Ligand code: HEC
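Below you will find one chain, with nothing else, as structure tokens; this is the form predicted alone, and questions on how it binds or moves follow later.
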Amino acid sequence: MKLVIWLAALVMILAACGAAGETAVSTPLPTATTPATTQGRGMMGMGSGMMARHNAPVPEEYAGLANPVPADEESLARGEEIYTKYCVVCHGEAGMGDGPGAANLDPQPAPIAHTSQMLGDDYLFWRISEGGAHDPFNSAMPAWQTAFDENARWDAINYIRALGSGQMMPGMGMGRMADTEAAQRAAMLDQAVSEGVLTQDEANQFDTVHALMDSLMAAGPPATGSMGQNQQQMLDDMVAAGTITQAQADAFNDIHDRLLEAGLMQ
């Protein structure tokens, strides 16, 4: 998380207050009038920018990091407080990139509740810590490492993942994240068909395989890595299990790349 984001927007995020360790936040927060500094859909480099964001390698200093904070009630409560105060404005209550400040941001905030299920701890911690004001992300997301201590950033990751898995429910009600993600994907595929990026059969194939991947993500997030790495691992696992054929996996990757290149997928 759009994937995240992508993520973009993972996509991402996220002081510690008393026991939670809150410090003064000096980082300016993005608003609806704070556009990112780079390309939007239809502008030069959009497709390659999306591709780079989906496949960005985790820097060495973050690679392999694992969340040391248990996702217990206390951590989730702290993470919810951080997310609600600092992240909802862009990423939305359900974490689907549809917050009130998202409309004029380019690139759009990642649907982090969804994309967090496909991203490793190390990737999420990197993105939250350093923000988006650098290649290949070039987004309005602040770098949170000077605002939040490490435990607070891990609390935020715990909450975002719980939001995406359905363990925590957004303020607008149960099922909002899943419903919104499915609706966004359907709208994206409809647009791709109408613009001639995909045939209807290709859109149906993509949706079918993506639904199977959603089922795998429900079992828990990956330990490490980027969205591109973990997406390929899920496809490989499904081929090995006989859930899909290699031809279906190859077609999914081709369709996925075409959606990125067309600027239809975040």
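Note that residue numbering follows the sequence shown and begins at 1. Nothing here was measured: the structure is a model prediction, and the numbers come from that model.
Same protein, other form: the form predicted together with this ligand, not shown, and the subject of what follows.
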Seminar exercise, completed: Students should find that, of A77, A182, V89, V193, the residue having a non-hydrogen atom no more than 4.5 angstroms from this ligand in the predicted complex is V89
Problem set entry | Exercise: G99 in contact with this ligand in the predicted complex, heavy atom 4.5 Å | no
For this session: Give a yes/no on whether Y123 approaches this ligand to within 4.5 Å in the predicted complex, heavy atoms considered.
Result: yes
Exercise. Any of the heavy atoms of L105 lying within 4.5 Å of this ligand in the predicted complex?
Worked result: yes
Exercise. Quick one: is W154 in contact with this ligand in the predicted complex, heavy atoms, 4.5 Å cut-off?
Worked result: no
Problem set entry | Partner contacts in the predicted complex for 103-121 (non-hydrogen atom within 4.5 angstroms of this ligand) | L105, P107, Q108, P109, A110, I112, T115, L119
